[in-house]
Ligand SMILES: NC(=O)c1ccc[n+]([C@@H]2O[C@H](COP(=O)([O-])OP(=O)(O)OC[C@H]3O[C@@H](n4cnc5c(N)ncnc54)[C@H](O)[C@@H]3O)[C@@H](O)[C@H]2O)c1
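We begin with a single chain expressed as structure tokens, specifically the form predicted alone.
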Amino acid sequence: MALPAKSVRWRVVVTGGAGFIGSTLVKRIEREWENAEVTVIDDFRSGHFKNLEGFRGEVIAQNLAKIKLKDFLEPKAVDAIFHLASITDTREQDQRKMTWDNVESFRRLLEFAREKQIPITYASSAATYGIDARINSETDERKPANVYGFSKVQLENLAAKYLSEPDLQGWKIAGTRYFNVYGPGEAHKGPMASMIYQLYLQMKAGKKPRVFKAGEQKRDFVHVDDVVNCTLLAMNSGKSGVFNAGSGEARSFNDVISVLNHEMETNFKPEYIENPFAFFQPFTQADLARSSKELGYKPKYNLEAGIKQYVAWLEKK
């Protein structure tokens, strides 16, 4: 499915559209395609109405794992689905709750879309790779270290199961594995907002930024505008499968503090604390070869440019 010209009517469903990434996606679609008709499905457990300020479309405030979608929407009236709804709190320890909610939401969406084979692009996660300290490509073995990552593996498995059916092999279902996303619109997430935002708040309050010893754990920090772009490219490609959505660089928490100090004109030294989490990833970095070749994805922001944009946005608020 090709993205439309501005003059084309495009009927889109975005689940999780009141969340951090979802609302950024919604705004991008409405900004670039003036005639787009966007429907957001969100139960507001982890989203916020302020993220949808200026939104022109319809909101269905329902739990996607329980909703009868055909009571609200007709498949023939939908051209594309972006599925970003999820329990995203990686600290959630209730395995049944996390798995049931995330998987059954996706199953209901697939059943709704299968007759018309509505193109679906869904959010997966770098958490599927687990704690292996290496550059991750889409063909790597998936070794989730927490139930959140496990639930995302099940989404990928479910998509593959549907696509294996003889009459559905032409269906476009693509997953984008988000790495460590940061940027405008995440404040409502509280403790689950990015470490970049958390460290900014600490430093803004005049406190030493606190990170796990010795701050050299590395992450693929990726700006929200880049993952939204990758998500749109995945839909536009018409291809199925999974694609990494990252910056392609691994940077340390010490690097983050250094860049924040530069942009905030401060000089805070980090405070190092013990790490209580066995599932804490020591290293993440996206191999972008497949996303680049098959989607044409190229991130706009490296860490310095991304934090510069983000701090400027935060300071204007």
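On a predicted model such as this, the values are computed, not experimentally measured, just so you know. Start at 1 with the first residue shown and count on from there.
If you look for the form predicted together with the named molecule, you will not find it shown, but the lines that follow are about it.
K.L.:
Please determine, with the chain shown alone, which of 233-241, 210-218, 161-169, 120-128 has non-hydrogen atoms within 4.5 Å of the named molecule in the predicted bound form.
P.N.:
So the stretch in question is 120-128.
K.L.:
Are any of the heavy atoms in residue 65 no more than 4.5 Å from a heavy atom of the named molecule in the predicted bound form?
P.N.:
Result yes; residue 65 sits at the interface with the named molecule in the predicted bound form.
K.L.:
Check whether residue 46 has any heavy atom within 4.5 Å of a heavy atom of the named molecule in the predicted bound form, and answer yes or no.
P.N.:
Residue 46: yes, in contact with the named molecule in the predicted bound form.
K.L.:
With the partner left out here, check for me: in the predicted bound form, does some heavy atom of residue 87 sit within 4.5 Å of the named molecule?
P.N.:
Although the named molecule is absent here, residue 87 would touch it in the predicted bound form, with heavy atoms inside 4.5 Å.
K.L.:
Using a 4.5 Å heavy atom cut-off, state whether residue 20 contacts the named molecule in the predicted bound form.
P.N.:
Although the named molecule is absent here, residue 20 would touch it in the predicted bound form, with heavy atoms inside 4.5 Å.
K.L.:
180, 229, 146, 198: which sits within 4.5 Å of the named molecule in the predicted bound form by any heavy atom?
P.N.:
Checked against the cut-off, the match is 180.
K.L.:
Pick from 188, 107, 114, 142: which residue has any heavy atom within 4.5 angstroms of the named molecule in the predicted bound form?
P.N.:
Looking at the other structure, the residue within range turns out to be 188.
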